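Starting off, we have a lone chain in the form predicted alone, written out as structure tokens.
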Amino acid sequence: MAIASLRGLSYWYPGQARPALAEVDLEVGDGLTLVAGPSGGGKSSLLRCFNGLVPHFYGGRIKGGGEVAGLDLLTTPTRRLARAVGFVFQNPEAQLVSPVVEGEVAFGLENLAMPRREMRRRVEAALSAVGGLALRQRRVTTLSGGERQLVALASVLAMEPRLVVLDEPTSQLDPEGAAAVIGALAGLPSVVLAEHRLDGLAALATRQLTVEEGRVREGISTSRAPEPRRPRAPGGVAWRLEGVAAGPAGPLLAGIDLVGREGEVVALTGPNGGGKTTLLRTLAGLLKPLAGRVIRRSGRTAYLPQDPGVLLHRPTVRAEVELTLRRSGSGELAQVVLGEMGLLELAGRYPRDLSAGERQRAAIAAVVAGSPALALLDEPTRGMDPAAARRLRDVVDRLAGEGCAVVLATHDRELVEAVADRVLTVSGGEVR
């Protein structure tokens, strides 16, 4: 029996002439329904239907209808749908509200006035399911992006919903974290999951769907393998860390001695919470080292944080790129930068109205415009479909070819194999 169904459903966001979803007929039953497709194709819009965010929160126009757990999606308030449907967003930062992890996982249960003993049992079981028990007493502000994803998922699992809906839950996770999530999903009765990273998920899925241009079809196309990395000849010293200790609340890294060169691409890998972001932020000058020295060559430093939304504040994507070009004094044309990341059709859009993958591309275009001397990219393929990831690889190649020193933190093995001259593992306070 279907836990959810959509019947002839079409949906238009406010002010949009083109539907985000077009004539969707879909039934969701037991097991894992895996949803893939290009960025901006409608995956997130489809998922938002199941908990009523479309149309109740986002507004706009809707045609057709649907049900989930016996509740009508168009007439049932979202607060009631939320008891039946657990939802993890693309950007988990947006749904974390408590200062401490344990309180965050318990938050929904407290709102249901659940008895304390049962609440403790569920919190422990949910954190254990995602491999997050060690995070229980941590402050949310000290968590890495991947750790926040695990906490957001645990918060949903603790509610024991009938349907779990996940929007790119492994996008920032190391292999161990991704395996923990996949293991947790295997024990759930009904899951709908949208993801670009299909490793381990395709074999688990009972059904595979592709959403493209708002239409849903059966099956998922596999992406082609990345082209082999082109050899480079790095130049002079571009940045140096000498005896650096760093961390947001005490030393997470200590005794770090590293050198990077012009035209070199360095990839930072390692477990969630190991210090990759700390290293990038210290190198960018956003986090003052607790000890040691950070030396950068002259020129602009471009920094892409894990959450691209914190960068985007202009009225259009084009305006974001033009602001960087103007401040850098570059004669580069915004049209060229936008075209490089496949953003020409989105140039006039408000960045925060874009899908996560489109927003990621917009943020990358905005930071790398104007020939930076040093480019620091934190999880740059987050939310990206394969075509966008290939564009990113081309951009990284171009930057390195122009003498820019690139350092990127990533769990994306294909990206590392395609662009990295050197790979550093950041773990246990050390860099190897």
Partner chain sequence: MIVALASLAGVALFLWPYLGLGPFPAAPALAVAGGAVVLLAAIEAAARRLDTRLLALLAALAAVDAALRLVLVTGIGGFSPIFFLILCAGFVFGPTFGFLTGATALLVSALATGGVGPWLPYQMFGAGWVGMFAGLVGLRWHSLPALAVAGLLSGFAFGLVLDLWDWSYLRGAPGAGFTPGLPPAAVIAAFGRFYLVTSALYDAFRAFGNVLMVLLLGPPVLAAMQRLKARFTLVVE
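Everything quoted here is computed from the prediction, not taken from an experiment. Numbering follows the first chain given and starts at 1.
Below, we turn to the form predicted together with its partner chain, even though it does not appear here.
- For a residue to qualify, one of its non-hydrogen atoms must sit within 4.5 Å of its partner chain in the predicted bound form; all three of 56, 63 and 353 qualify.
- Although the partner is absent from this view, residue 74 contacts its partner chain in the predicted bound form, with a non-hydrogen atom inside 4.5 angstroms.
- Just one listed stretch, out of 48 to 56, 382 to 390, 33 to 41, 399 to 407, contacts its partner chain in the predicted bound form at the 4.5 Å heavy atom level, and that stretch is 48 to 56.
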